[in-house]
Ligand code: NAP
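Below you'll find only one chain, the form predicted on its own, shown as structure tokens.
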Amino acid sequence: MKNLFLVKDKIVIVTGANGGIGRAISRGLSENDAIVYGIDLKTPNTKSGNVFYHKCDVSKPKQFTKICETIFKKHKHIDVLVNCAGISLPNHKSNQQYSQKNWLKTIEVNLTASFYCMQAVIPYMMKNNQGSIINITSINAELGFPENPSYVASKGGLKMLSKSFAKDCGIHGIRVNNIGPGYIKTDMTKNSFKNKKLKKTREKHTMLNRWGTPEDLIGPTIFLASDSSRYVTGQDIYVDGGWLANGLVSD
């Protein structure tokens, strides 16, 4: 039997490719011979290995759609979309004092932009009757966390949006799944990681007694991007060191 985890020559689009998780996923896929297009608001049009970077605001559908058109014109197929672009805007106040500006911006980037990106790639995937869409959610899609209602709502919404698309697109051979990271050491979580007390508390909440790294997301992404997951759709894979399953946290 061939190597089911092959992603060689697959055309992959990764949004949020300049962030910690997005950058690791892009690099990991390219090192396994996928052709990766990294999309990010802060990334110039440069190439690194098999990763081609394009500057794009994913909350502007026309920008992303134009990039998809260019990619398909060149390769005649788009195989994988990884929606990794995301922001977190906590305000450390009660939800009643959370600003409308932060609410709308977070929903726009974390949820609505992912909707736009899926809409853009699906017609191209349908042309070849196959494709894999991977949305990066969070353990926040399952659990309530304080002081950041828009992030929790956006990730919970993205979780269910994926299931909606999985239902509608399965007939076209397109699979849609979620990867939900736990506490991963990135720029988004650096303040908690630097706080010794918070760092230790979060470590103890996992079963592996450590924070995750962006590289921990590469394997699950390759699984969902490859033929090894050809009968997997509408699912949530949590990469959280056992956080969600940990019923009792010892002192």
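In this text the structure is predicted, and so the values were computed from the model without any measurement. Heads up: residue numbers just count along the shown sequence, starting at 1.
Omitted from view is the form predicted in complex with this ligand, to which the following refers.
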In this chain shown alone, the residue from 29, 67, 58, 224 with a heavy atom within 4.5 Å of this ligand in the predicted bound form is 58
Within 4.5 Å of this ligand in the predicted bound form by heavy atoms, the stretch out of 119-127, 73-81, 168-176, 151-159 is 151-159
_Whether residue 87 contacts this ligand in the predicted bound form should be assessed with a 4.5 Å heavy atom distance threshold; does it?_
yes
| Wondering, does residue 33 line up within 4.5 Å of this ligand in the predicted bound form on heavy atoms? | no
Margin query: Within 4.5 Å, heavy atoms only: does residue 188 come near this ligand in the predicted bound form?
Written below: yes
In the predicted bound form, does residue 181 come within 4.5 Å of this ligand, counting heavy atoms only?
yes
When this ligand is considered in the predicted bound form, the residues of 5-39 having a heavy atom within 4.5 Å of it are 16, 18, 19, 20, 21, 22
